[in-house]
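Encoded as structure tokens, the following chain is the form predicted on its own, with no partner shown.
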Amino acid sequence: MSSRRVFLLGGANTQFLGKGNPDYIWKNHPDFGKRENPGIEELLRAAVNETFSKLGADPEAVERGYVGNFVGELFCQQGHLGAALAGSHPALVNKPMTRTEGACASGGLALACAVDAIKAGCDVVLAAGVEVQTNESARVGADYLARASHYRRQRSIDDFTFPALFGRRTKVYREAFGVSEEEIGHVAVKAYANANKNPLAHMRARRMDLDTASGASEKNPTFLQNAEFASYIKMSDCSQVSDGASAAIIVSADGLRRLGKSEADAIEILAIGHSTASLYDDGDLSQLWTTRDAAGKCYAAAGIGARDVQVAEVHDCFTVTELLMYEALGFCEPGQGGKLAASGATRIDGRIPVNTGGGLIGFGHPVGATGVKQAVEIWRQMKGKCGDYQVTSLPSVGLTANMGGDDRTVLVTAYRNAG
């Protein structure tokens, strides 16, 4: 790898919207028929232009760009999103722009490609991600999103393929380690509490308490048809079906100077660990082995260990996934993720704050945007820009873990506060 240093200068997230957010327009909303939810073009343009504006960065300096998106062709009948990124600002026209796809890791791949471009000699690169997925029914949307599984083999597990796949993981994990439903419930409670402090979060106006999160009820129903896994996934265990976009500017040291910035404005991207497992084999479901492999690569390349991490954004597509992430990233031993969550160590004021803005469960999960959003959130925490959900002291080392499918594609990225 090139020895060129790589920096994340910063970025922006749009509001993440969907059912449960007071600004989302649905058929019973008072503004229904008067205004519409933003589409894929509007969201991508908003994230890109806010990034340039907030950072005071000249769009003309951008040399190339990458945009993460998973299923634009299905939800929006729109592919060819590299050209959509070029259309987000006049200065981007005629520059090389490329779409990246890796299911829920599509945004993480956009960030990784931007880093590779800097290592290869570019100085200013744009990374973005976008997804719109609220414009179909839940069952149709679940079918579209099931393309992140091995569709031919796994689609039939349930109408809601991914909740069922992670219900299966939850069952295996709980049986292997004796983890309680209440321990898992702490993840949902933290996610909603953090989202309540985040004005851009999908679930900023919804509350969650431990009694509700710890068991099925009328307020928190199960919904799978698969009888074997139905009791293992409730509504509170699920990430949100959200619309949204994120964008970030990745630069070299020369790029910082070209934009009139210093290292104090940025965070350094130390390393990215990228691992991909076979789509056709499931393996041991009690741990996230692909995530563990990616984390090992990242730590080794960055010259750090799990104990050095002071803030993290991890992929919590379901509550059990966050616990499994703790373990795969080395924050605790296998089977101890529930105890770590219950201890309060991963809260905003804890020893290792995780998903401070709400994660995928609270902040929301516009699939293609999530990997870029995670990086932007780490930058915001390291630079003291998170407002009501800012951690107590500015972190020196941060980590993101973005996962596509059921632990099939994973990118783990380490960051150091450069100033």
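Numbering starts at 1 and follows the sequence shown. Source: prediction; values computed, not measured.
The form predicted in complex with a further copy of the same chain is left out here; the points below concern that form.
- Partner contacts here mean any heavy atom within 4.5 Å of a further copy of the same chain in the predicted complex, and among 171-179, 307-315, 141-149, 195-203 they occur only in 141-149.
- Of the residues 214, 220, 134, 290, just one reaches a further copy of the same chain in the predicted complex with a heavy atom at 4.5 Å or closer; this is 290.
- In summary, among the residues 230, 74, 345, 235, the only one with a non-hydrogen atom within 4.5 Å of a further copy of the same chain in the predicted complex is 74.
- Against a further copy of the same chain in the predicted complex, the set 300, 336 and 359 makes no contact: no member has a heavy atom within 4.5 Å.
- Proximity of residue 275 to a further copy of the same chain in the predicted complex: non-hydrogen atoms within 4.5 Å are present.
- Of the heavy atoms in residue 94, some are within 4.5 Å of a further copy of the same chain in the predicted complex.
- a further copy of the same chain is not drawn, but in the predicted complex it has a heavy atom within 4.5 Å of residue 78.
- When a further copy of the same chain is considered in the predicted complex, residue 119 lines it closely, a heavy atom lying within 4.5 Å.
- Contacts between stretch 93-115 and a further copy of the same chain, counted in the predicted complex as any heavy atom lying within 4.5 Å, involve 93, 94, 95, 96, 97, 98, 99, 100, 101, 102, 103, 109, 113, listed in sequence order.
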